[in-house]
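Take a look at this one chain, the form predicted on its own, written out in structure tokens.
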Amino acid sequence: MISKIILEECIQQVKKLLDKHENIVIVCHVSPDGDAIGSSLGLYHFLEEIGKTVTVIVPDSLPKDLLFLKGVKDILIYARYPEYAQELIDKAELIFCLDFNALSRLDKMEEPIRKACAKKVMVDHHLNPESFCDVTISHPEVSSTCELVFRLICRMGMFEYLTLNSANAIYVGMMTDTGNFTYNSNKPEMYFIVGELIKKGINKDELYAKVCNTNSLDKLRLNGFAINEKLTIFEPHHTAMITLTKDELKKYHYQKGDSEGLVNVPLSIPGIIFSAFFREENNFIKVSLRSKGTFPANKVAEEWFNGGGHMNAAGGEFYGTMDEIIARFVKLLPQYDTYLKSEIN
């Protein structure tokens, strides 16, 4: 058994909404990762199983390492079909907002979801959720939104309707949002859930291989270049930084997902406690932060990069040039030496 961390009031509210409404839309954040797609598809397959009409709409394209999941082909990408997506949002009776705590995380979908007349349910694990949903299920202490989706389904007494396709998606999200169970993953209940997913028929070894051990030649060359040429070590601060510009990404025919996990690599170096990865997008720089021990990567993300997350895994965005973000990063490091030194000692 697992503890009942979601309030019973929230469980009953979601059950009533599902009893009342048939036409459902699921949305997740811009640049969706494994947890966003995993939770969306996990809930999607479950809702279809209980007879609902469901559409998953995401702001932009998906990482290629997740394209094997069942249901991916049915996901509607807003950036490609905004008019059709808007039509579906307008017709929706119920909208599930998964893996984001603020409407700004939806990019161009922000206003359509804000103005939607449908009832809204948030299921998320990030800090400081905004009040834009009728039901808010927010638990930052939980490692992934996928875990919360699993808990929600079980608490509603509907575990029997959780299909193998749902289980696969939920496991992938739990796995990727914990760095393959290497951080934010030391709670026994997480592994009880994994056990229940295995009972549903998932092959965890096969899922790991598809997500993490399937690489294109371009991806391997990009990661090799990043580590060999773009890795900087700040020894006094026990910190590492990797940067990739748009031109560098283009040179190696970058596709979404090709740099997944790159930020974790420097943490394998003895003495490195904090790692940052800055990837240049079209109009901003994507920030990924990882750390060991009690160093608060989420604090850095919140205070400097318009983001947040967990202690050891956080992210954000920076609107400026690569030179500007590097200068900011170098300047902020001394302010966190207390955390770094206490971790080293």
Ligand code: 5GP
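Source: prediction; values computed, not measured. The numbering used is simple: start at 1 and walk along the sequence shown.
Not pictured, yet referred to below: the form predicted together with the ligand.
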Q: Mark P32 yes when one of its heavy atoms lies within 4.5 Å of a heavy atom of the ligand in the predicted complex, and no otherwise.
A: no
Q) Would A314 show up as a contact with the ligand in the predicted complex if we use heavy atoms at 4.5 Å? A) yes
**Q.** Contact test in the predicted complex: K200 vs the ligand, heavy atoms, 4.5 Å
**A.** no
Q: Using a 4.5 Å heavy atom cut-off, state whether R105 contacts the ligand in the predicted complex.
A: yes
**Q.** Option from 51 to 59, 305 to 313, 66 to 74, 37 to 45 whose residues, in the predicted complex, bring a heavy atom within 4.5 Å of the ligand
**A.** 305 to 313
(Q) By the heavy atom within 4.5 Å rule, which residue out of H237, K256, K230, H126 makes contact with the ligand in the predicted complex? (A) H126
